[in-house]
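Before any questions on binding or motion, here is one chain by itself as structure tokens, the form predicted on its own.
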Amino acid sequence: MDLYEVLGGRLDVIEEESEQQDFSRESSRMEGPTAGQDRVAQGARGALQRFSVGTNESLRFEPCDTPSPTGEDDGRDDVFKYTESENDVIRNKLQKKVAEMENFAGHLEEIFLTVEENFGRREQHLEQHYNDVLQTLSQRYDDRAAALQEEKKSKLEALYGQLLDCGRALDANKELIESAQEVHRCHDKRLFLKVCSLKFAKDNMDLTLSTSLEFNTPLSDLSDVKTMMDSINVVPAPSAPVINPQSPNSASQTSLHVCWSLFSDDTVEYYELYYRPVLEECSLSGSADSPVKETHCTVSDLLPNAQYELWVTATNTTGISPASEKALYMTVPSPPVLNQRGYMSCPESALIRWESGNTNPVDSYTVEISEVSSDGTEIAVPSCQCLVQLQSGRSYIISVRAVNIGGPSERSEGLTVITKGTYFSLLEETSHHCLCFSEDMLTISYGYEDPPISAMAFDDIGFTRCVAVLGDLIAVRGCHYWEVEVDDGTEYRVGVAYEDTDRNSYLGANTTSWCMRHILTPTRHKYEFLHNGWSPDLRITVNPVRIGVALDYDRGTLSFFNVDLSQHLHTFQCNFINYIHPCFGLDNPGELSIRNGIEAPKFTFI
């Protein structure tokens, strides 16, 4: 009987019983309280009479105590409720059993199909082996029959040739006999003996057979047939394995964890994994240190952020499988290199920049931000810079990881950011060739001697006329503040400019820059606040040595202060349409120092 017929019949019986229980419960509910009371009364009447059999075998009825129909309804309702809950539990158990049996039947069906498939493969394999054996034996028979026919032909040709020779010898002997008879008739006995002895001595006939009558019986080498017959009962060579695609976080900077799979019916003793880097200039390849028993392996001593081709073979006692198709895996990138000076920060955010540090591109980067002695957060970004939102007056440690399919790299070296004020660095590539910078890139100087021509950079980025340099772009809206320290004997320009300001012009002489200028005259110190070549007529009596610069994007103002006196010097009213760069210039030999990352005084933004 089929499995499904048995299971189906059992399942139908269970379902029918469950439906009958549901039907009886629903009918009891639909009858209402009156019908319920009738059933109780009938039950009571049925309980009034009981029969018993005495020793005289006569049937007699005895009355029995019947409880009052009033006062017992609540108990019966409780019984009904309890019975209903029991039925629900039983029905749930039956449904669960039904589900389990259905799952078991499905599992048996899968096993049945697998057995059928495996049997078909084995039957096909056996038929192929026997066909090969029969083909080999048939070929051997044809070869032996052809050789035997050739040998027969050669023997018959040799005997036929010898038979012709015998015929010719008989003819010659007949002629000799006739000659001897003629000589004998001449009655010269001496001549007769002489002629006969000469002729018989000359014509000796070889009466031995020229070929053997036996046929050669060569030894039959059926070792390959025996091997083929033995291989019928041997496990076939495994099929080609299949390397799984690389899974996320399955690599390190110098290693790869590789997984593969194989047809379930194949028998394998071990695997061998091979790999080589996907580099045009590199033709080296390698393999795992030793054969692998499992369907996974970790390959070590690899290059970071490098792409590798991998393939695998399976081996058993019969032979080696074909190689799998090649799969591409990647190792984890090297840690990025944070630009320790090329970042910009303000009280509520920071613009972080870094270099990839990898030859091959990476998928993304993860910026990790943490306050000192506290847990951090992570931000995923696609490029080599990120604007992060921070809280004012805090100290943060920021690091970056590079990420590809293999996983994240190690953390970069941490960058400490303190959000007390606006911090920026100077862009050395924009500077005039006469400027020199201190080690911390916060002091610029203009020497008395011109640098050699080899040190000059003639391009479109650096200033060519004004001896100046730009600071990093302040790409965050809001308020920003920094200070410049100068001395009385230095002519300078301090202000801001757009990124596309004319490098062959002076700061403040065009529409893309605003600056405060100090000029030394024979009689006094002159100060100008230049934009597009125009300055208001202002006189400053006390020479500032600490100049505060306050930029407010939202209000569109740029203000200058004498910090030592808390004195306001001048404010530009301008609607900045783009982000701006701080700029600093020297009109004569001297130096100036920049103080940034400091908290703005209270009098600057009122």
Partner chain sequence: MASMKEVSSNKCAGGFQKVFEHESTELKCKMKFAVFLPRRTCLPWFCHVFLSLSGLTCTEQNFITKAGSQLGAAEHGLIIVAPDTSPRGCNIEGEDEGWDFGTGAGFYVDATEEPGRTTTACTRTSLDELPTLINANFPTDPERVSISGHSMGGHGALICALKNPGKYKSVSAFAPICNPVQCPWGQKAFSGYLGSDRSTWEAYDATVLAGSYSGPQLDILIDQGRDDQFLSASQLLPDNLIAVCSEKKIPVVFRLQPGYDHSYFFIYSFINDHIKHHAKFLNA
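Being a predicted model, the structure only gives us computed values, none of them experimental. Numbering follows the first chain given and starts at 1.
This protein has a second form, the form predicted in complex with its partner chain, left out of what is shown; the following refers to that one.
Is Asp554 close enough to touch its partner chain in the predicted bound form, meaning at least one heavy atom pair within 4.5 Å? No, Asp554 stays farther than 4.5 Å from its partner chain in the predicted bound form.
Within a 4.5 Å heavy atom cut-off, is Val545 in contact with its partner chain in the predicted bound form? Outside the cut-off, so no.
Determine whether any heavy atom of Leu565 comes within 4.5 Å of a heavy atom of its partner chain in the predicted bound form, and answer yes or no. Yes, Leu565 lies within 4.5 Å of its partner chain in the predicted bound form.
Using a 4.5 Å heavy atom cut-off, state whether Ala550 contacts its partner chain in the predicted bound form. Ala550: no contact with its partner chain in the predicted bound form.
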